[in-house]
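Okay, here we've got a single chain as structure tokens, the form predicted alone, with questions on binding and movement later.
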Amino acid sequence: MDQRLLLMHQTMLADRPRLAAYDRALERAVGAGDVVADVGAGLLVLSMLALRHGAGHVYAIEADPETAALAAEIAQANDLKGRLTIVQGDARTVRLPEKADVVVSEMMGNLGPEEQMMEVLGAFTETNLAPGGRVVPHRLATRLAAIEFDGEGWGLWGEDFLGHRLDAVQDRVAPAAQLHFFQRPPTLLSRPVTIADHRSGDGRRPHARESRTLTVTRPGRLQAIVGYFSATLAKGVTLSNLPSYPGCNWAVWVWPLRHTPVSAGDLLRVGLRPPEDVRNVLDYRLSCGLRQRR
């Protein structure tokens, strides 16, 4: 089995806020005896949470054959026969023998849409969700915000580092996306704007607006535009990768900008353009124009 895949699962299992959020959401969504479908089931963590909250049966759908085989071993080792069924295949074409009362998935990328979770869930629920069924998460949004770093990441290459100038480094960095795990919360120089949004059951694919305007709300040194996701798992239960939290397995998408002083009221026109292969998060491109208040 690809060891990088195992490492990915190791990192996700260590993300306690992620698991806690899904635990709370499934506690609210799953009723006693419900049929649950876990889409992109991996190593069955969400399936196990669903069973713990009273699911009568869980169908664990996993596209990767090796991961599905490992999941079957885990199910057997935990004596889940009769309570859990492994379904190996593409969830978009899977047809379950019965309708699911709850569909759960965790296929969010660093920006949100890279793993095409909402499109996959849309196709799956069209034929497999019972009337009145619940989907977790039921909303996934991608947001952009203007930031100033707190002495880390792209923010290090400024004019004053221990009394010295490092800003020459800015001339060597290509205009391209980076991924960053924040050690300290950045300063938000603007309110976030939603650049793409999708809700389960609305019958539409997630869309990315061509451009949006970020209004600077406080003075500072503009150093980057960040992109991140916000997922609504259930009423009152959300999960996001900004601000970063200890153990977060998702990095924040960062588009570095030449450090520029900005004032409240300045306007940034930003647009996010996905690549042909939306799975390649570092190939997303940002356009950005600044109009400063006179």
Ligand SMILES: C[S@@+](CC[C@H](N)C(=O)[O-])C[C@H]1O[C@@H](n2cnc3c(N)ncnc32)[C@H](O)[C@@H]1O
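None of these values were measured; they are calculated from a predicted model. Don't overthink the numbering: it's just position in the shown sequence, from 1.
The form predicted in complex with the named molecule is left out here; the points below concern that form.
To verify the annotation, which of these, 212, 92, 180, 221, has a non-hydrogen atom within 4.5 Å of the named molecule in the model of the complex?
It is 92.
Option touching the named molecule, based on a heavy atom within 4.5 Å in the model of the complex, out of 35, 46, 239, 252:
Of 35, 46, 239, 252, the residue with a heavy atom within 4.5 Å of the named molecule in the model of the complex is 46.
Heavy atoms, 4.5 Å, the named molecule in the model of the complex: which of 265 to 273, 223 to 231, 239 to 247, 63 to 71 makes the cut? Say which one.
Of the stretches listed, the one contacting the partner is 63 to 71.
Non-hydrogen atoms within 4.5 angstroms of the named molecule in the model of the complex: do 23, 102 and 139 all have one?
Contact check failed for every one of 23, 102 and 139.
Touches the named molecule in the model of the complex: residue 278 (any heavy atom, 4.5 Å)
Taking the distances in the model of the complex, the answer for residue 278 is no, it never comes within 4.5 Å of the named molecule.
Can you tell me whether residue 13 touches the named molecule? I mean in the model of the complex, with a 4.5 angstroms heavy atom cut-off.
Within the cut-off, so yes.
Taking any heavy atom pair closer than or equal to 4.5 Å as contact, tell me whether residue 114 reaches the named molecule in the model of the complex.
No, no contact at 4.5 Å.
How about residue 40 - does it come within 4.5 Å of the named molecule in the model of the complex, if we only consider non-hydrogen atoms?
Taking the distances in the model of the complex, the answer for residue 40 is yes, it comes within 4.5 Å of the named molecule.
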